[in-house]
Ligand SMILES: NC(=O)c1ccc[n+]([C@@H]2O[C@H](COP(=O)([O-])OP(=O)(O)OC[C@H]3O[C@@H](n4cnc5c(N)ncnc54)[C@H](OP(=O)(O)O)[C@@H]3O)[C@@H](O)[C@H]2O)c1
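First, one chain by itself: the form predicted on its own, in structure tokens.
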């Protein structure tokens, strides 16, 4: 049984890409701590509604809103609807992201890179821009961006150059947004997960090679295990709470102690 401390009582949180994986875990964690939660999704309405039902069944308040975070107009309408429904917006978790293809410098394709840049980078700009005026007026806000250890360095495993580039951009955006919004009482931080067992993470490989890949990550992690969505949700909850009120512009690595990086610092 999990005991709630009501650390987010009275707060309203928007979690993008919250129908599954890390976003789902964050939405549920926030709701357990008293937040009203907007569950954003793009395609999987049924799964988003399941998250809302779980929150409501637990006595919380939630709603789901469809929006492609790469579409600025849709994001603005989503935020307007959230503000109408819950009369405020205190926390934004920019979790929505996509992982497509791979390839080397001479092999990558625009049709793989462009969607990742649109969602992973422009999505954060669109959502942050839409919520910022409200947070600035209140002189309070928490923005949490989900990056990746891929954005911190170069793993020995090949093929993630394009994805890593988008996640490195997330880290720089985190610092710049923290600088711009800090004077208005808005904290902006990022989380850089290692390999996490989600549909997106596991979907990179064919079934025949899955166990080999999982064994690799277990062996290359100091804790000798693969992370789960709840491992990231706990850190997001901390960053959203008052316990992190004097932390901003930071990227917190949550990877179990990965050791297969050429560089693991900025």
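Positions refer to the first chain, counted from 1. Fair warning: this is a prediction, and the values are worked out from it, not measured in the lab.
This next part talks about the form predicted in complex with this ligand, which is not shown.
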As a check of understanding, the residue in 54, 210, 223, 200 with any heavy atom within 4.5 Å of this ligand in the predicted complex should be identified as 200
The one residue among 125, 178, 164, 98 placing a heavy atom within 4.5 Å of this ligand in the predicted complex is 98
Quick one: 6, 189 and 234 and this ligand in the predicted complex, is every residue within 4.5 Å by at least one heavy atom?
no
Review point. Is there a heavy atom of residue 35 no more than 4.5 Å from a heavy atom of this ligand in the predicted complex?
Key: no
Q: Indicate whether this ligand has at least one heavy atom within 4.5 Å of a heavy atom of residue 174 in the predicted complex.
A: no
- Examine residue 67 and determine whether its closest non-hydrogen atom to this ligand in the predicted complex is within 4.5 angstroms. yes
- Query: Looking at the partner-bound form in the predicted complex, is residue 79 within 4.5 Å of this ligand by any heavy atom?
  - Reply: no
Among 85-93, 131-139, 104-112, 144-152, the stretch whose residues bring a heavy atom within 4.5 Å of this ligand in the predicted complex is 144-152
Contact check, 36-53 vs this ligand in the predicted complex, heavy atom within 4.5 Å, ordered by sequence, gives 40, 41, 42, 43, 44
